[in-house]
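The data below hold one chain only, encoded as structure tokens and taken in the form predicted on its own.
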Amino acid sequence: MRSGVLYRMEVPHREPADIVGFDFGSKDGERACAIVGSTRGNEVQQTYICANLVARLEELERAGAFAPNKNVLVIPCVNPHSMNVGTRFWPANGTDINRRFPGNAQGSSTERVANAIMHVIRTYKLGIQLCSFNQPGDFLPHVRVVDAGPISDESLGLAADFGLPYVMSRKPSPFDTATLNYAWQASGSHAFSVYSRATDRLDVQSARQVEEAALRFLVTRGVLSDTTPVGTPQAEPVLVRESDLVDVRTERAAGFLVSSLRAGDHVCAGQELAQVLDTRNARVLETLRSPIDGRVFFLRTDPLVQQQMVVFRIAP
């Protein structure tokens, strides 16, 4: 293993924010895969998963598990400044690094960080980004590929090699075109966004699941020896388009959200999913029911909900 500072950002009133990378396998070999952790300051789970991957890959490297002439790079945290001060976005201006790719060497702070990261990772054939969900809640671990052109069709086929329960395809909205996943694919790499169940807390079981999925992917892609112990997927991954997910919203009321369901639970059409209670007297204001048979892909875990808020997303 080799480690080094990939980019240094001077920040006011603190030590420089160093973005550190860990390099494994053949130093001058084929740049097979880059793994990028947190881009936001609250993505603690994503940094934790990367830290565990660094430890596992170091052990595997010592055991001779890397294929000859293959190189893997792990960047646990792209945004140490925000993580240091406890903010999700860049402290000075509230911008999101994962909305600044491919970046600009002469631009704002976050654009310069994004540009520096892209300069390093765009030469890798495969890319894994550990992401957080865009809504707070509980959701199924999955691999996501944003449609960035013909390369995305091939990437969807490769995504099954992670062995996670779901592989999701997403048609890009305008803001997706400035994300790391999209920019990475536009540079010619097969890029995958991998989602754990948690963001700003540690979920050890889910972290281990994603860690094993990343190692399984490296084995299947010929980067690691096929004798590497990575566990066996429980079932064949299900391919789902994000547009296939059915949203369940609060239609008439706001209040306490009470539900005993978890992501992954199977539900039937008409089944009660949750109740919205009056915050003054706990009277039931609204009962949310599943419109279809399926599995809970996402559910909001905030104790309070507003009217017209997406509370569940059901996968058919």
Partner chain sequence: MIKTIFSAALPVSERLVIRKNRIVGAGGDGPRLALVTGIHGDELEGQYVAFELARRLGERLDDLAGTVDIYPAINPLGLSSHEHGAPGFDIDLDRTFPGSVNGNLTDALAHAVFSDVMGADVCIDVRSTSSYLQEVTQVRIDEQDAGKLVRIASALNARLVWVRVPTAVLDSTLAHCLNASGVPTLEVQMGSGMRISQDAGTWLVEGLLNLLEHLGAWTGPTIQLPPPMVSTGKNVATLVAESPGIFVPKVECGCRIRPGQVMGIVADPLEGVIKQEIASPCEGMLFALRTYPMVYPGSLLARVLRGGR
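Residue numbers count along the first chain shown, from 1. Small disclaimer: the values here were computed from a predicted structure and weren't measured.
Missing here is the form predicted together with the partner chain; even so, the following discussion is about that form.
- In the model of the complex, the partner chain sits within 4.5 Å of a heavy atom of Gln307.
- Not displayed here, the partner chain is kept clear of Ser243 by more than 4.5 Å at the level of heavy atoms in the model of the complex.
- Using a 4.5 Å cutoff between non-hydrogen atoms, Ser108 counts as a contact of the partner chain in the model of the complex.
- The closest non-hydrogen atom of Ser225 lies beyond 4.5 Å of the partner chain in the model of the complex.
- Between the partner chain and the residues Pro150, Pro174, Pro229, Gly86, the one pair within 4.5 Å by heavy atoms in the model of the complex involves Pro174.
- Though the partner chain is absent from this view, in the model of the complex it lies within 4.5 Å of a heavy atom of just one residue from Ala198, Ala178, Ile75, Leu215, which is Ala178.
- Considering the partner chain in the model of the complex, the lone stretch of 274-282, 66-74, 22-30, 50-58 in range is 274-282 [heavy atom distance within 4.5 Å].
- Contacts between stretch 1-15 and the partner chain, counted in the model of the complex as any heavy atom lying within 4.5 Å, involve Met9, Glu10, Val11, Pro12, His13, listed in sequence order.
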